[in-house]
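Below sits a lone chain in structure tokens, taken as the form predicted on its own.
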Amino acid sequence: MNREQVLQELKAIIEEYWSKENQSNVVNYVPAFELEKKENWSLNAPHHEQEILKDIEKYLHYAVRTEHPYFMNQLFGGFDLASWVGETIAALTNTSMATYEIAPLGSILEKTLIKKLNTMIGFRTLDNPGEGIMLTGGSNANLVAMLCARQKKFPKMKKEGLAGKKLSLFVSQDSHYSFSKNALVMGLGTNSVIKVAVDKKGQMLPEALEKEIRHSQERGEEPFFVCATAGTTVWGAFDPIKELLPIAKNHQLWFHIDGAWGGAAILSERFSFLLEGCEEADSFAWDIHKLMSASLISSFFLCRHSGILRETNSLTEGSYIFHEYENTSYDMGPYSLQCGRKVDSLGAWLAWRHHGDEGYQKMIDHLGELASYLVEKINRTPQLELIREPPFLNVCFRILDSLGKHNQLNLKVRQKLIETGTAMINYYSDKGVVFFRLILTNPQVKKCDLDQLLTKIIDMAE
């Protein structure tokens, strides 16, 4: 089979997949042990193009449809055609982001996106351009933030290591688990991550942060980093940036904002107030694949301090790839922890090119309206209970059981939703209470979808 025939068959497969966008199940669920035995996954013998095309059909059959209106399981969802085209072209050209030489337009587009994001959050000014890098997710962005913070405060550690120092960092008790993983990677130990108490809304308490910093100093530790979460994973809470910043500055600590989920709030008339004061932070993590429908992975680390990324990540090795030439300032490799890195900028840039600021504002404000509508609907439904008033797009609720076995019922219904392919919504357990954690991130969702979803959940519970 020649290339043209393969493309024609592949086009037909994709069109068939798209045609079932709203009619099909969210997932054709099969338990892992059954699916592993169900098909032949062998890599030993060569396979003809027709067999490869059948493999693609098979993959799509079992894949979770994250563009489905009832996929509300994670902090991403939906489908953006412009971004998908960008991802396809990036794979077609199959290049790396190490240097301008190998990725000319990819390098320019990444820098363009970084300038745009830094301008929006206030890092880019007439006096300071700011800087940033695309990377493999919000967890990696938080790691780079920690590395930059350590480099800023302890520049000798880059070569000499910890040298017996006991460092400490401060995050809210509802922060992302990546900070503990990053402490593990950096050799700081997970005990170096100090979880600061939050209020009833899930926001870090400023007085608790001050207290924890002083206790850490009394123990002989050396604090170096504070993170405010802009959109916690479960509740969608935003830590009070303007109240936490003076504390970090007073103790000369790097102040990072984990806006992987909530960074896009800056684009919204409805939610932008939640990020007030972000321009004074030192760094910012932002995943535009989470709330702006760009393809996975479109993650950014942004920094107010120009030059710190190169200072943190660049080494004297690598002269075989990094040279001094007319385009050196466009080489992204010396700013990155990675060497090989795919061109994620094209899909992200095309998506923004398509929607523009106004389109994204309408998209996020629409999701905010849906969240308010859903909360009102839950509060008016006797069989359901809202766990907490949502500050953002995370709606947490549970089904009430007439026999009082609320946890068992919610877990059974959640599993049945997946097994039948009806919907995919995650759950969480807080203080012994199990509840649904529904995420509104797909801009294609309508109020009627939410009405039908709640009806399906109640019917299944009954």
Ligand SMILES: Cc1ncc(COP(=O)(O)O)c(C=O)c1O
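Owing to the predicted nature of the structure, the values given are computational and were not obtained by experimental measurement. One rule holds for the numbers: they count along the sequence shown, beginning at 1.
What comes next is about the form predicted in complex with this ligand, which is not displayed.
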| item | value |
| --- | --- |
| In the predicted bound form, the one of G137, P391, G78, G130 near this ligand [non-hydrogen atom within 4.5 angstroms] | G137 |
| Heavy atom within 4.5 Å of this ligand in the predicted bound form - the one residue of E87, E110, D287, D331 that qualifies | D287 |
| Which of 289 to 297, 188 to 196, 269 to 277, 323 to 331 lines the interface with this ligand in the predicted bound form (heavy atom within 4.5 Å) | 289 to 297 |
| Proximity of T312 to this ligand in the predicted bound form, heavy atoms at 4.5 Å | no |
| Partner proximity in the predicted bound form: G263 to this ligand, non-hydrogen atom cutoff 4.5 Å | no |
| Touches this ligand in the predicted bound form: T229 (any heavy atom, 4.5 Å) | yes |
| 4.5 Å heavy atom contact, H176 and this ligand in the predicted bound form | yes |
| In the predicted bound form: members of 180 to 202 within 4.5 Å of this ligand, any heavy atom | none |
